[in-house]
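Encoded as structure tokens, the following chain is the form predicted alone, with no partner shown.
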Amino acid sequence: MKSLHKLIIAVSIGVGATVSSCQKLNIPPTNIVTPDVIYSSEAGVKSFLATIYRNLPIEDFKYRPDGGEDVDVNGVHYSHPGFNPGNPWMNFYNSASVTGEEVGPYGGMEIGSGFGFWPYGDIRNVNTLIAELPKHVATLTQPTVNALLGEAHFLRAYYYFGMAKRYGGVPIIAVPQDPGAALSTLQVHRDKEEATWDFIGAELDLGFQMMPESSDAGRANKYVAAALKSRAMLYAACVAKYGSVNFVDGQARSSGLVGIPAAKAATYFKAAYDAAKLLEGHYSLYNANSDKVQNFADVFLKSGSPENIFIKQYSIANNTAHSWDATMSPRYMTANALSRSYPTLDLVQLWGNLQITNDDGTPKRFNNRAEIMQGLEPRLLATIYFPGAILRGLTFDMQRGIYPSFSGTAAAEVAKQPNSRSYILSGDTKTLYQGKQVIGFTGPWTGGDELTRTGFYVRKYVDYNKPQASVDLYRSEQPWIDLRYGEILLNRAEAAMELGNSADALTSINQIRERAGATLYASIDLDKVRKERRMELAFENQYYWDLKRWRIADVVLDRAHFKGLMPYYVFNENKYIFLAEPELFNREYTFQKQSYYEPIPGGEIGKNPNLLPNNPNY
């Protein structure tokens, strides 16, 4: 079976290469494994499915929203930029670094123009599967064929979802194209955006109807289909509602290739709500630990969690392990790696302003840096490492510098030019001031990229049980949770609010807040729902798409700069103070309105001019 698996993987890659070199979409390969090999057993079909799963546009630890590059792994070439089927380690190329959730050395990169995701090779594999499976009922049995067909419809929906949220309307190709057909037949036109989302919804309905209630980890079942539908239909609903008031005009829009009539918004919100409700009673929030901080940290680490709906797995043995622990932790806490991603104070203050100043504006004095964490919401402490927190037996030793003495207000001090401030700084962690280390072992500093420049580190998904000696590149195996029940409750709450059902929205949000250790709400509105979503789903690659579907990215990221929390030691008082200052990269973040849609890849237009008109302003 292992050899068969390798063979099919190689064939799948050949499929993609063949398609990308043709003048049409969805052209069959010349070297495909014959159906009798794949369809002679359920195991053969599952092996074929495995390649389709592997290429799904899941935005996981390895996802690079700027595309990255093709990679060669063990002599095999992978051409799925962005979704990284190879094994890159640069976790800090993530969408959090372009939205203000965090900053890093590559923050502020332009990702709105896309990277040419065009997965018709993968879609062809699914189309072939759907066409072939009914021919093999005698070998596979009807129930097995039905279940596998449901899985195939889910996978096809996932690929189209990955394109629809980028391009709007795309060609809907639901059968393998005949390579002998006339070129005019093969060079298909784009479908309208509304039709594309409707197709995705219908595919997920088929998946829900045909798949069983449970599945092996990493594979779909009927509730996985429903969960994805709640996400996808919420996106379509927002395109209809908010895309009708904030858009760039052009021929693609006037012809419906991008944009959905506002009148359809309620229909899609209802579809999202109904899909989310289907999961009620079948999944639940992880609540195994009465310690709220530890409990939320474990949401992302415990296998068998009742919250996990659809996960992606990694393995050191199979050369698919990722590097999250190594690149989210400072070198000080790893075997030989270093961090690159630093949460912003702006994200932290979603939970409320930190109490770092007194009523008169002077900085509050702290006996130690860990005191800053007192009274904070457990979910926040489980999402972000604060100064004074502990990981692998070591303390997050954040200290930006030393003030020999400090007087005046925090605002007046931060407003000064750097050369007029009386602090002591250093470009390394070895420099001392009267025997006291100037910079903490974990930053903040500007001497390199490997220590925090905001005063925080990412905690979500970090495996605290991993011994320091084994924290290195390509050594992390915790699964990526692509769909979890926490998101489903948020989808349901948002759809409910948009439909005027605030009571249901309040119930869903308060389930999230109870688990988070937050004060429950007595009333709810849309702003609260969106804010809860940002807090609950931080660093899960959701916020970038939320900004786009709410059509507020051009407002939120309008020459935006973000802040950090800088801890200082006041020498003559033997106390610590915290100052809110611009993050030390001082990057500027922008988002052009045209980027609500990405351009149809130029290479594809060259092969098929019928894909025109391109999206507005491209």
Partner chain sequence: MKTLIGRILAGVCILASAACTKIDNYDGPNASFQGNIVSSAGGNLLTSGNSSQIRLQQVGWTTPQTIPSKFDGTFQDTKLFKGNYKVVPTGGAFWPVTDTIIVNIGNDTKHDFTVTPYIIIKNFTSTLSGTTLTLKFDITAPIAAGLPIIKDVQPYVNTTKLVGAGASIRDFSDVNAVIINKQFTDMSPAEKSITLTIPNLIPGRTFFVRAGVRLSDSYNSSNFSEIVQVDIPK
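Since we're looking at a predicted model, the values are computed, not measured. Numbering follows the first chain given and starts at 1.
Keep in mind that the form predicted in complex with its partner chain is missing from the display, and what follows is about it.
One residue of Y423, F247, F199, W545 in contact with its partner chain, assessed in the predicted complex (non-hydrogen atom, 4.5 angstroms):
Of the listed residues, the single hit is F247.
By the heavy atom within 4.5 Å rule, which residue out of E581, D66, D60, D554 makes contact with its partner chain in the predicted complex?
If I apply the 4.5 Å criterion carefully, the residue I get is D554.
With the partner left out here, check for me: in the predicted complex, does some heavy atom of D558 sit within 4.5 Å of its partner chain?
Contact check for D558: yes, within 4.5 Å of its partner chain in the predicted complex.
Although the partner isn't part of this model, could you tell me whether E588 comes within 4.5 Å of its partner chain in the predicted complex, counting any heavy atom of the residue?
It does: once its partner chain is placed as it appears in the predicted complex, E588 has a heavy atom within 4.5 Å of it.
Neighbours of its partner chain in the predicted complex among 316-349 [non-hydrogen atom within 4.5 angstroms]
Counting only heavy atoms within 4.5 Å of its partner chain in the predicted complex, no residue of 316-349 makes contact.
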